[in-house]
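So this first bit is one chain, no partners, the form predicted on its own, shown in structure tokens.
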Amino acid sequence: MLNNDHLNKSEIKKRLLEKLNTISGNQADQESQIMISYSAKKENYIDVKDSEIDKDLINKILKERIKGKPLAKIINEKGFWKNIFYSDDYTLDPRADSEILVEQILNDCFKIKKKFNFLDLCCGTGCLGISIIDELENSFCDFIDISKKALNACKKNIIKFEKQKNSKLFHSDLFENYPINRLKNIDIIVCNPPYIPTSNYLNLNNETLYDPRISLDGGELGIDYYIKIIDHLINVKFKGSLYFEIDPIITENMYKYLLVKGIKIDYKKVDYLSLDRLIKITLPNNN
């Protein structure tokens, strides 16, 4: 732990690295900078002055981190895309892997100059939808989540990034309480559903298990939510585009399901580790 000696920013970072290297691995350097920045109430490490660093607060954070609690769950913040989002025990922490969804949707939308209506389904913190409408002027996003507490976190982020006029929240189990007339006007659905097969969920590492199970457990094969979502959208003849986050652990079963349903995959993309991470699909009623 840090003592009360006068330490400059570099010295504090060095001591943090000594503690974090065995806990955080290749994320230790980044986490040390985040801890220092957070203690100084600054978003960027480079802006932190020595006099602004709260060593007592860093000690408290480090104590929890050593116990294995993820840093984002300790400080209730996680960087995603271009912003720092509020996250808590009731939300899935934003992950860099998911940024491929934002990147691809923006690439597609920038080619078509219009105002888009989005739906962030299973929204959690709202990081996907907020990041997208933050880049696309005058676009609008509906946010759906089954958890009221997750929606509270999403609302905090909407307010933080001043997107109240560009968003609306819906407490719903998928589309159960979502008005069909709104769905008819949606251009793009972006969704990162629970997709870990139940048997795999039980063997996840301790840090991942700090995320709520409801945001991770995708049923026996990991594709329960994809099936529910797609079946509903086919039934209501949804005309828009659908962007799903996926994972290599479910791709075989997912692709089999899509083939049986006669659903076309417009394209799929890999993440920064070259793992299958995104599919854009067109539903049969659009063919």
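Quantities reported herein were computed from a predicted structural model and do not represent experimental measurements. Numbers follow the displayed sequence, beginning with 1.
There is another form of this protein, the form predicted together with a small molecule, and it is not shown here; the text below is about that form.
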Quiz item: Pick from N76, N200, S147, N166: which residue has any heavy atom within 4.5 angstroms of the small molecule in the predicted bound form?
Solution: S147
Exercise. Counting non-hydrogen atoms within 4.5 angstroms of the small molecule in the predicted bound form, say which of Q104, N83, S172, N152 makes the cut.
Key: S172
Quiz item: Can we say P94, C122 and L128 each have a non-hydrogen atom within 4.5 Å of the small molecule in the predicted bound form?
Solution: yes
Quiz item: Based on heavy atom distances of at most 4.5 Å to the small molecule in the predicted bound form, which listed stretch, 213-221, 130-138, 67-75, 153-161, is the contact stretch?
Solution: 213-221
Self-check item: Contact test in the predicted bound form: Y45 vs the small molecule, heavy atoms, 4.5 Å
Solution: no
Practice problem: Although the small molecule is absent from this view, report whether Y225 comes within 4.5 Å of it in the predicted bound form, heavy atoms only. | Solution: yes
